[in-house]
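The chain below stands alone and is given as structure tokens, in the form predicted alone.
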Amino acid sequence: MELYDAMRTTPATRAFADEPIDDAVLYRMLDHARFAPSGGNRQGWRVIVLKDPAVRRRIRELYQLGWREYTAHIRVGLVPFAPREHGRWPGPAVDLAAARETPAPNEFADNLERAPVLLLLVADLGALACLDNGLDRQAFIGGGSIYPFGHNLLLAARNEGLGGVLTSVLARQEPAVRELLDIPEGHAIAGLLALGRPLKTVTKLRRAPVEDFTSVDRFDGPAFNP
């Protein structure tokens, strides 16, 4: 696809046709996605291709627990796990144990193991230059060396006529996932990618205009509009 067309028509796709994706296609996507930039070119990502049906079912069960925690925040009007106090996370805003016991039906979460492709994106924490460590706020910069690779995979999927989503919900059950997949210490879940043939192709996305998120010279400066 033409690059700008791909950028404007790559949504978060969560509903897939019951159609397998050939390993050669997936390999081709990974082969192109690996050219994503990363700090120091350390390429601190690792991808686990989830194929075993039993592993997939367990991943779905763990994902559902994280999804229940997520939706418990939504029900009370909160952004899930957001750093609410001046950029700092003060602790749980909801009863997480109760949330995990409360069903939260969701078509994607409840059928996760049926996705044609499931990829666990793992970050080597020792390879990430986290320049915002020690600041008096939530740290996030280290992800900048991992997520361009993840988004490259979504763009590659779009180029192949596929769709997908990169979701971080599974991180809520990271210890259990680490044990399940033998992930060593010093590594963290960056996200789970579900990929497949979309049931519906989205050709127009809704996003804020440039003027809404830009300013010149100051945070409260005039919007950038040439």
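Because the structure is predicted, anything quoted here is derived from the model rather than measured. Heads up: residue numbers just count along the shown sequence, starting at 1.
One more form of this protein exists, namely the form predicted together with a small molecule; it is left out here, but the text below deals with it.
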Original post:
Thinking of 10, 165 and 169 as the candidate spot, does the small molecule come within 4.5 Å of a heavy atom on all of them in the predicted bound form?
Top reply: yes
Original post:
How about residue 108: is it within 4.5 Å of the small molecule in the predicted bound form, going by heavy atoms?
Top reply: yes
Original post:
Would residue 207 count as touching the small molecule in the predicted bound form under a 4.5 Å heavy atom rule?
Top reply: yes
**OP:** Spell out, yes or no, whether the shortest heavy atom distance between residue 45 and the small molecule in the predicted bound form is within 4.5 Å.
**Re:** no
